[in-house]
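Take a look at this single chain, the form predicted alone, given in structure tokens.
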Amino acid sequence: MNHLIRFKAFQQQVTLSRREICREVFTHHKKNITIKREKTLDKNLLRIFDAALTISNRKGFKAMSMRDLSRETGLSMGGLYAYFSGKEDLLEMLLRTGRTTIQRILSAHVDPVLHPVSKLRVAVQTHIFLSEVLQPWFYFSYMEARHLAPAHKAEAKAGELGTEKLFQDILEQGRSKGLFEVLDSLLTASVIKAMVQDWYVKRWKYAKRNVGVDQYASFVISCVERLCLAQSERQAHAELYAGASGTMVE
């Protein structure tokens, strides 16, 4: 069964409820948030998050000042401090929000798929599609990791290793069933992670070449299968792709 979908369908299926995300942020940081009106809270938290990501991806989180954030959001300095106690608290909000959202959506799409070959496809595609939907956060997390305090840096590394572990576990499951032939499942998972990561780190390159997210996801999946599938499995799954571009068959 082909579990792959188009990016447009992914956007429609995955309701990235920004209000729900704000509710989660409030739950974990309510001691520092003095605004209690839900409508105001949701609207302004989203404004703050978007502004912080925009500024950070332009000049770096460390270089971002509260005055920068005030100008970008249109909120006063006092208004900003109604939502967080300082930049460290804001950073924790941003990192927690991204991690929670990614883990929830990855699990929702990958866990129900049982066959290892299909599961690997879905894991790769979902991660790439998520990085398109949440591109500012993914780029922020990648670029800021080296500047984070030790505790946050450890969490960022754990997140990356967690994605590799997801790929590795699927490869091990498929290898035990004779579906995959890989010499080293951990190194293979690392290579898959690097290909997935290239989409949001070098997005400008693919935009310049008119490569869309559907095409890129299909191409990466095709490459991964050529790398990992056992010889007996390659022909059985070849009909899902056409040509070197890895175009998905409807």
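All residue numbers refer to positions in the sequence shown, first residue = 1. From a predicted model like this one, the values you see are computed outputs, not experimental measurements.
Missing here is the form predicted together with a further copy of the same chain; even so, the following discussion is about that form.
- The shortest heavy atom separation between residue 207 and a further copy of the same chain in the model of the complex exceeds 4.5 Å.
- Contact check for residue 106: no non-hydrogen atom falls within 4.5 Å of a further copy of the same chain in the model of the complex.
- In the model of the complex, at least one heavy atom of residue 216 sits within 4.5 Å of a heavy atom of a further copy of the same chain.
- Interface residue remark: residue 147 is counted as part of the site for a further copy of the same chain in the model of the complex, having a heavy atom within 4.5 Å.
- In terms of contact with a further copy of the same chain in the model of the complex, the residue from 89, 160, 169, 72 that brings a heavy atom within 4.5 Å is 160.
- Highlighted residues 50, 102 and 135: none comes within 4.5 Å of a further copy of the same chain in the model of the complex, counting any heavy atom.
- With the partner omitted here, the stretch from 115 to 123, 93 to 101, 73 to 81, 135 to 143 that lies within 4.5 Å of a further copy of the same chain by heavy atoms in the model of the complex is 135 to 143.
- In the model of the complex, a further copy of the same chain lies within 4.5 angstroms of at least one heavy atom of each of the following residues of 163 to 195: 164, 181, 183, 184, 186, 187, 188, 190, 191, 194, 195, in sequence order.
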